[in-house]
Every structure is written in structure tokens, then in C-alpha cells.
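Have a look below at one chain only, the form predicted on its own, in C-alpha cells format.
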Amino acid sequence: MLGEAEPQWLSEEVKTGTTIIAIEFNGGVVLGSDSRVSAGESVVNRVMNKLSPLHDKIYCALSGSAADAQTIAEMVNYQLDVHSMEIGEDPLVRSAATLVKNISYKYKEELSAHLIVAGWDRRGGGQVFATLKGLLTRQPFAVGGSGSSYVYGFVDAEYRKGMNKKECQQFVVNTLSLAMNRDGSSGGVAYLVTIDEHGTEEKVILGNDLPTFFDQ
């Protein structure tokens, strides 16, 4: 009826959640994410792939608003394609991360998204970049999303410099499994992308096949 106050939930900010991670190894990178898309207490998509290609050997991991993050990824993908044609070779990972940073900063008041950019290029090999509201920093590994707060201690304790590809893949799977177990906004299946000079390898690990730990 006229004059009635609108329900409180209409004016509340919708809480989103996810878990994303990327890590460098000698010669490439491994990215991983869960697949649950949530809006408040509701799960709106159980199997969304949050690892989005920006170019042949450059991917990003999406967190925040799914629509905002996908929009940024699509914009960067288009700009990288044009840039690649202009220079006549594949773009650098740092170039992709800089584009993400610039868009995130320019629209920081309108968009709610955090992207981790990772990939391989001829100049720097495997690289991982964290971007957030204009921040751009290269890290040996990066985690993000609501599930990351449950696993910071684990990744700090388990990360070792010089891990090979197989060890990094297991590191990513273990991190995702722990976060998905603790964080109600993370879940579903685990998506993995491994990138090196030879190309890109994508993998899906079903929830039942994820490693279990003592409390499970």
C-alpha cells in the first residue's frame, strides 16, 4: 500500500562470496577457484567457472560481483586482442594486469570486483598480479574472496619457494578444499587452470574428489 516502508532487504547490500587463488612456479602459473555464486544466503549458481581467459596464456580469477567482474574481464579481453594485433605478438601479463587495474580504479565507485591476473609471457615467464581498486602488485601467490580469510594461515605455512608444477597444483587444490569447507559462500567444484610456455590446461575437480582433512 501507499505510504508503507519498503522491506529492509531491498536496501541492504547483497553479500557475495567466493575463493580464488593463483601461484607461480618455475615456468608457469596455476589458478584455482570454487564454483559457487551466492547472493546473501542464497546460492544462485553452483557451477560457475570463475577463471576467465584474457588472452591465450593469460587468465584472471574473478571475485566480488559476478556481473562486474565478468564485465571487466570482457573489456580487458577485447583490449588485449586489439593490442596484440597492433604489436604483432602476444601481450605481456603485466599489460593485462595494468588494464584491469586501470578499469578497476576508474570505476571504483560503480564496480565491486577484485581480479587476480596470472599467466605466462616470453619476457617474465609465469607471473601473478593482485589488482584491487587501483592497486597493482606482483606476488608469488595471491588469494582472494570471502574464503581467503579462512586459509591465510594455511597458505603462509605451506607455501615454499621453488615448488614445481605438481606441488603448486596440489597447493591450490588443498587451499580451495579448506576454504570451501569453512566458508558458506564458497563451494561446488574446483576449477584449475595451469599455464606455461606450451599452452593452457584446464581441469575440473568434483566436490566429492577434493581432499579431506581431519575435521571432515
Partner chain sequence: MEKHYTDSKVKGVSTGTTILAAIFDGGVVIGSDSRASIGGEYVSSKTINKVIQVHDRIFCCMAGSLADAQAVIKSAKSHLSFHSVQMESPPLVIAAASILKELCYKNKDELQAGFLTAGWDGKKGPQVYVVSLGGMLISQQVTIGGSGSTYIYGYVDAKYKPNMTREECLQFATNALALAMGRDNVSGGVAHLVVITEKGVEHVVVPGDKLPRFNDE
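As the structure is a prediction and not an experimental result, all values here were calculated from the model. Positions refer to the first chain, counted from 1.
Omitted here: the form predicted together with its partner chain. The next part is about that form.
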Subject >> in the predicted complex, Q170 touching its partner chain (heavy atom, 4.5 Å) >> reply: no
Original post:
Does the 4.5 Å heavy atom contact test between G126 and its partner chain in the predicted complex come out positive?
Top reply: no
Original post:
Is there a heavy atom of N26 lying 4.5 Å or less from a heavy atom of its partner chain in the predicted complex?
Top reply: no
Subject >> Proximity of R182 to its partner chain in the predicted complex, heavy atoms at 4.5 Å >> reply: yes
Original post:
Within 4.5 Å of its partner chain in the predicted complex, do we find a heavy atom from each of G64, G145 and L178?
Top reply: yes
Subject >> Residues in 145-176 close to its partner chain in the predicted complex, defined by a heavy atom within 4.5 Å, in order >> reply: G145, S146, S148, S149, Y150, V151, Y152, G153, F154, D156, A157, E158, Y159, R160
